[in-house]
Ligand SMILES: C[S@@+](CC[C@H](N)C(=O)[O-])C[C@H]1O[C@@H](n2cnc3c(N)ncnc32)[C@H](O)[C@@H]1O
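Shown here is one chain on its own, the form predicted on its own, set out as structure tokens.
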């Protein structure tokens, strides 16, 4: 079977996490500005879409070239063998990204690439300048970074964070692959207890259960490659069957707590949809009333962050309560994601490590406390 040059895309700050995931699946990788490259055949395209927890998309690298002029961009694009990739009725949207390059107008770059492909296809398929584009979708991207152009085909479709278990509702929950990425920055593997004291819509607890049970995160969904006419359509079903055979049932307790009963109901529905409702213990408990006799595990939370002043007061009060209730549980490693730069002083301990991550466009810090951390941060008033 043909081998492809492939790459995974992911949120800023998660390159090393996705790289480790790919290496654990057996691939040799190379990381370059926000993308992790590897090679594989169609079975690998299926496997990585099915199994990667932290990535956004898996793309096929079609061609790379220097693009200093629109003419060069047109000629290099035209030279690619598009008819081998796209059937005559293909719907092929072209997305464009230009960063630090001479050609910087994304709409122009997009339309020139589109025109080059249309011209090549109409010539090859003997159509007079018209393509119906009413068939299956082949999502293309032209990306120009420091004058180097990359043409790629997206095999994923809707981003990998869309696992298919989440009930849409208000609020801004953590994206599924962001939550999984946070868990992959901890030593969590299901053999030690995991507690999320502010579970919200349940993303961290659910993603933890998927890790603990070795459930492929993409097991429930479809991908763009399902509709490519040259793609072996047996591979997806075979990979899902193989994944189902690898699901484990035994793991340490996973606790999800929240002060708000109505949000817990949504979390339970999400967990049910993900097939892990029985694996998580949900309970309505405020942080200040939290207690546990579990030990040697992981506490992980994405506590609310108050953007408005009065919300910030209550967020800071909550961080204080977290410090009083959770900090003494010193056999646990503790991980907190928040956009409040003063988190440590309210929580009352300095993190062993801080990692800057962007949750959407919101700059956040992932505060990491190893087990048996001590120390009081100075309180600033």
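Residue numbers count along the first chain shown, from 1. Just so it is clear, the structure is predicted and the values come from calculations on it, not from any experiment.
Below, we turn to the form predicted in complex with the ligand, even though it does not appear here.
- Within 4.5 Å of the ligand in the model of the complex, a heavy atom is found for none of 77, 83 and 131.
- Note on contacts: among 190, 96, 200, 297, the single residue with a heavy atom within 4.5 Å of the ligand in the model of the complex is 200.
- Contact annotation: of the candidates 247, 252, 259, 88, the single residue with a non-hydrogen atom within 4.5 angstroms of the ligand in the model of the complex is 259.
- Using a 4.5 Å cutoff between non-hydrogen atoms, residue 118 does not count as a contact of the ligand in the model of the complex.
- Remark: residue 109 does not count among the residues lining the ligand in the model of the complex, judged by a heavy atom distance of 4.5 Å or less.
- Using a 4.5 angstroms threshold between heavy atoms, residue 302 counts as touching the ligand in the model of the complex.
- Contact annotation for residue 318: at least one heavy atom lies within 4.5 Å of the ligand in the model of the complex.
- From the list 133 to 141, 100 to 108, 236 to 244, 281 to 289, the contact stretch for the ligand in the model of the complex under a 4.5 Å heavy atom rule is 281 to 289.
- Heavy atoms closer than or equal to 4.5 Å to the ligand in the model of the complex belong, across 55 to 86, to no residue whatsoever.
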